[in-house]
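Okay, here we've got a single chain as structure tokens, the form predicted on its own, with questions on binding and movement later.
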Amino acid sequence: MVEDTRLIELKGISKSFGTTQVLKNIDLYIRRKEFVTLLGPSGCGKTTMLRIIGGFETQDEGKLIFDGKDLSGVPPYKRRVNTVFQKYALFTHMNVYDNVAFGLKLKKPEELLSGVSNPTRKQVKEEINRRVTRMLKLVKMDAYAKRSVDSLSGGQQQRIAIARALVNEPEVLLLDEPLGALDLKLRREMQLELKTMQQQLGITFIYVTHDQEEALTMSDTIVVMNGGEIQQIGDGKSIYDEPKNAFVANFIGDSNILDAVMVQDYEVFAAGRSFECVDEGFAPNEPVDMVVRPEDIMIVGEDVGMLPGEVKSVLFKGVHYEMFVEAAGFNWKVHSTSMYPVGSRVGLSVVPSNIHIMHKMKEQTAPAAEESK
């Protein structure tokens, strides 16, 4: 259970590069021991936000509060934060152990051994060895301590980069798409390992990705971003089940999104017919978006379905079939464990609780090209 204790607060954060605004009045808080993912497409502002938290960029407006203190003007090395980038930047002339120990050796003895007056060289060496050994065990690389980093695979190098960042015992670890260079199987393994590490260490992770599966797999909280603005904040299930707008619905999973009219509470009109739904609070006859997830559509007999239609395409996806069914002038994406051949006449049905109604989106400005810098 995530503690309801705020560690980091972003208040009215805005940032521009030249004439392009990449963050627009961002308000966000992050709690202690929380795994937060900043999720969105390239150029949405997520990396810029991470760099502001880390101290590598300075906001134009707003405040960054860390544990109750304003961090404006505080350089990266004085923040209780460490960062792991997609490019691991390991020292090739050092072995694994020395890479992990590098930051510790730069610390003053009294910083390394707080509470110990005039620590001896032996005490310092023992403390460094204790921390490095612990971290190598945590990332399952203790057998590789004397190996050259050049001899390691991409996944092993990534583990060393994480160990090097964690060995300084930061309160927050920032991760900027650290799994981007790994193959799919290894990415999935490392997603689970990262979440396990975060839970074992009990520190705050802030993770940047454009991969929805990564976000859903690891996160306590997902912050969905687009065009320099936060679109929705919540846990994976709530964002998937209850997207706030069409962008979120499309970015988190597959969706059928139809132009619709909210006739009255619990009744929406789309695709030429009325549907019962569970939504309320919209204005009568308000234009809305109606969202139905592909896995929530049932294929039934043409004579008993809500919408009669014809199967136009079939694709086997491993655990289900993905079919497009033309019905009422709309191509419905349907996921089913049963396959219906192209040309089949079928009926489509959906229960009220699987119909989600959203307000129409405001237009977004173009993505910020500077985000990739």
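These numbers come from a predicted model, not from an experiment. Note that residue numbering begins at 1 and tracks the sequence as displayed.
Missing here is the form predicted together with adenosine-5'-triphosphate (ATP); even so, the following discussion is about that form.
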*Stretch in contact in the predicted bound form with adenosine-5'-triphosphate (ATP), which is absent here, among 35 to 43, 309 to 317, 63 to 71, 322 to 330 (heavy atoms within 4.5 Å)*: 35 to 43
_Proximity of Q59 to adenosine-5'-triphosphate (ATP) in the predicted bound form, heavy atoms at 4.5 Å_ = no
*asked:* With a cut-off of 4.5 Å between heavy atoms, is D220 one of the residues that contacts adenosine-5'-triphosphate (ATP) in the predicted bound form?
replied: no
_Close approach of E193 to adenosine-5'-triphosphate (ATP) in the predicted bound form, 4.5 Å, heavy atom_ = no
*Just to confirm, E214 within 4.5 Å of adenosine-5'-triphosphate (ATP) in the predicted bound form by heavy atoms?*
no
*Indicate whether the candidate residues L28, E171 and T204 are all in contact with adenosine-5'-triphosphate (ATP) in the predicted bound form, with contact defined as any heavy atom within 4.5 Å.*
no
_Residues of 163 to 180 having any heavy atom within 4.5 Å of adenosine-5'-triphosphate (ATP) in the predicted bound form, listed in sequence order_ = E177
